[in-house]
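What follows is a single chain, given as structure tokens, in the form predicted alone.
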């Protein structure tokens, strides 16, 4: 299996840096970009601040009146968010990234993953020089500094990028990944928020190393199959999620309302067959194969649920969609006593070619 080399590029203190780019004279001052509510002159919150302002404790989310109080007596400058201008700068950088990678996944206005495996021949030492080249060229051509994390997957690259900022370059090789993550607090993992971290703390899980050693079956019991497996894999530096090109379609779905609220499987399947025809037509026209079939349900009490099944092999035929939709609804109806108002059919996990990649069939919701 080829070793992947993934970059996560994060534009340093982006909104504030854009303002510095537009007004070079403010570069050595505390710079704060805020979202103003308009109620009073100081009402609103900090969106981004430069590192000079951060030394005074001014960070994202801080109320603007508190930011002004912390920066009292300094020559701080405050700006309202200018999305149009920041979008223009971001777009220029994203376009330049395509000169360095065949696959660029923009995840926000100031972050993107680049798969550079082919460009550096899976060589992490080559990757270091390649990342520095990207950083230098972006700085020269656009005037923006960025930090890059390098890892064997997206998860490690993201955490690596956060280690050293601004203008950072952190490299984590495959054999270093697990030890790199081990001492970090478990909150560094995506999906571990306040509630989850508190629950983990009660279980004696404080670091990523604690999570990696924790019994996987117990994790499945506590957090469910999808999250349990994710937490176990992430703690062990495993992440097979590919870098997806921006704009690449991730799913095709169609939702419809039943003529009457019902639990009658035949009535439900009559509707889902109609929806499947529409979904299949788009899949067929785009010559896509799919590895996941899902249903979407809106109950009479307006609660919504989804169920999915992952296929052992990529498929491209209508009957596979219909068959798995039926399986999913049979299972769903056995678990719920509510009548159903709306239903949906979705396919995902697209590939352009047949892939012989075996995967355990799994249900999740």
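In this text the structure is predicted, and so the values were computed from the model without any measurement. Heads up, when I say rigid core I mean the largest set of C-alphas that superpose within 1.5 Å between the two forms. Residue numbers count along the first chain shown, from 1.
The following text describes the form predicted together with a small molecule, which does not appear among the structures shown.
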Next item on the list: Classify residue 307 as contacting or not contacting the small molecule in the predicted bound form by the rule of any non-hydrogen atom within 4.5 angstroms, answering yes or no.
Entry: no
Check: Wondering, does residue 60 line up within 4.5 Å of the small molecule in the predicted bound form on heavy atoms?
Finding: yes
Margin query: I'd like to know if residue 70 sits close to the small molecule in the predicted bound form, meaning any non-hydrogen atom pair within 4.5 angstroms.
Written below: no
Check: With the cut-off set at 4.5 Å between non-hydrogen atoms, does residue 46 touch the small molecule in the predicted bound form?
Finding: yes
Check: Which of these stretches, 314-322, 46-54, 23-31, 335-343, has heavy atoms within 4.5 Å of the small molecule in the predicted bound form?
Finding: 46-54
Notebook entry, point to check: Of the residues 135, 291, 254, 165, which one places a heavy atom within 4.5 Å of the small molecule in the predicted bound form?
Noted result: 165
Next item on the list: With the small molecule left out of view, choose which of 259, 287, 140, 194 has a non-hydrogen atom within 4.5 angstroms of it in the predicted bound form.
Entry: 287
Margin query: Rigid core superposed, CA of residue 287 - does it shift 2 Å or more between the shown form and the other one?
Written below: yes
